[in-house]
Every structure is written in C-alpha cells, then in structure tokens.
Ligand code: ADP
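This document opens with one chain alone, in structure tokens, the form predicted on its own.
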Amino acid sequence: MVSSTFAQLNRPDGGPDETELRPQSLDEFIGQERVVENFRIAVQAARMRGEPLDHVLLSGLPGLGKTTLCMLLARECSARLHVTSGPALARPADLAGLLTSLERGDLLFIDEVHRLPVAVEEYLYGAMEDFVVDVPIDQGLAARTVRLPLQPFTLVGATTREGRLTAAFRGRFGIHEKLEPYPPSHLVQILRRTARILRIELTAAAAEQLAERARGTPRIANRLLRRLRDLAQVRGAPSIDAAIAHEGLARLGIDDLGLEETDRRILALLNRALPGTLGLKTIGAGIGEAEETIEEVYEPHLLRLELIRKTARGRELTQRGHEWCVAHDAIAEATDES
C-alpha cells in the first residue's frame, strides 16, 4: 500500500516541478554567504547610481547554483533575463541579433562561457566595454561593417573551467565570484527545503546521511532525495528515514564518503600503479571514461577528500587513498567469503 504522503505526488494536476525547487530570492538562497552578500551590495549600488549591474563571472563546479544565482540577480535587478550557452554561439552572427535585441538593464546569461569560440569571444569585447557591435554588411570586395550602439546591459558568464578563459576576456568582467562546495550543514537545510516543497517527510538522520554523501553539491543532494523518494514510495514507507536512506544509497552504489563506482575504479587503478603516477588519458582508457569527464566530475571530489593528488607527472594516490583501497579490498574480501 502506498502512503498518502507519496501518493499525492502522482495527482493528475502534477506535483511541484523543478523550477519550484529553486530559491525565489537571495534571502531564500542557502549557503555561499560571501557571494550572496557581495551581490546584495553590488545590486543596491547599481540601483542607487541608476546603472545596470556590472558584468558578472560565476565560476565553480557543476551543480553549485550558478544558474540559480543568475536568475536571482535578474529578479533583484528587476531585469529581463536572456539565456544562452557557449556551444550555441558558433559565429559572431549568432550573437549579433541577441545583443541588438537587449533593452537597457537586461541580463544576458551565457552558460559554459569558456566554450565560446575565439571569434565570438572577441566580438563580445566591444559590446562589454563600449556597448557597441560591428555588423557586417555585404560580402566579398563590397564587404563593410556598420557599428551599432547597444543598450547598456549586464553579461553574466558561468563556467566550470575559469582557466580556459583568456585574460583579456576575464578582465572585462567587473564582478568575479567563485562558488565553493557546500558543507553538510547547508546541504541539510537545502534537503529539508526540497522535502517540504515535494511534500516528503524526511527525518534528521536521513538528511544527514544524504548531506554527507552529496559531494558538497545541492544538485546531487536533490537528485539523491528524489531516488530515495522512489524507494520509500515503493516500500510504502510514510517517510524517508535512516533505514530507507541507507538502503537507497547502497542500491545507488554510494558509500560513506560519497564515492560512486567510477570513483572506486579510479582509486583502484591508481593503487595498482603505485608507486608511480598515471596521466588522465591512461586513467580514461583504463575505466572507459572521457578525460574531461574525469577531470570535471570525479577528480574534484577525490582531490577534496585528499585521496589523490595532481603532480607534474600525472595523478597519484595519496597515503590516505592507499589506506582506503586496502580497507575497501578487505571489506570486499570479507563480503565475498560470507
């Protein structure tokens, strides 16, 4: 029998959607206190001067809230938000129409801004500094450009790879903010808020388990909560308690450190290479993952836990990582014997 708490999520009129999980104001945003306070000051100062907000560069790992913060900035500035991404802007012409359609004070959000082609990036320089854009007219020998003025606007760029931005481009952003992984205490608050919106009963012990294993990322925490909701619904449980959380996380292959199967394969590969190191290409070939995926998705958490380290020769296992591998092998052997 399915409990009424979970059954109501399957109403014909639908339960809460993803947009409802996002904070609706900076006051509702949990964590990243320094960044949020800096944005409050910047927005208030821009309002007092009657100017658009300065261009903003947001960097950090995926799932930390860059897109959410951009939406909140638009709301705080009472501005229209235009959303695109680096891969979608293949040519300067793709950007020209978007820029000329902006009104004064609008926010243009470019996700994955580090993936902008060089020609498009350079095309933005004049738009960001002088609010002008050069539009090509005709082709061949008769080709010429016409300089069009733009309405003052705010460019918000989000990137997971700030190092890939050129110094000239990065220097044109007046506000630089880097989002850091969230501590478990903040993730617990986020999980409780999400549970209220989804109308899920979540015990304190279960919330703490999820927070400890969510890799410091709200997106991962909310994803795990949804999967535990599925398990509780199938089990007919009235709430997500510690037992449901333990079973659900075990089914997902997530251990006490938040490590997944791919993380464990990386550690095992590096452990076999001791006392040597392995390059990203070798690790990728060994586990069947793209180098970029390893570097952006898996490696940051392993580095934060000090299980691996980067060296000039490649990646190597730390002493703590080796001890984890030894303990993991011992647990696996004991499980096989039983």
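Note that residue numbering begins at 1 and tracks the sequence as displayed. Please read these numbers as outputs of a predicted model, since none were measured by experiment.
From this point on, the text means the form predicted together with adenosine-5'-diphosphate, which you will not see here.
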Per-stretch contact check against adenosine-5'-diphosphate in the predicted complex, the hit in 128-136, 98-106, 214-222, 79-87 (non-hydrogen atom, 4.5 angstroms):
214-222
Could you work out which of 67, 282, 293, 38 is the residue within 4.5 angstroms of adenosine-5'-diphosphate in the predicted complex, going by heavy atoms?
67
Proximity to adenosine-5'-diphosphate in the predicted complex, single hit among 302, 61, 56, 43 (heavy atom within 4.5 Å)
61
In the predicted complex, is there a heavy atom of adenosine-5'-diphosphate that lies within 4.5 Å of any heavy atom of residue 320, even though the partner is absent here?
no
Is residue 325 close enough to adenosine-5'-diphosphate in the predicted complex to count, meaning some heavy atom within 4.5 Å?
no
I'd like to know whether residue 202 contacts adenosine-5'-diphosphate in the predicted complex, with contact meaning heavy atoms within 4.5 angstroms.
no
So in the predicted complex, does any heavy atom of residue 298 sit within 4.5 Å of adenosine-5'-diphosphate?
no
Do any residues of 274-306 have a non-hydrogen atom within 4.5 angstroms of adenosine-5'-diphosphate in the predicted complex? If so, which ones, in sequence order?
none
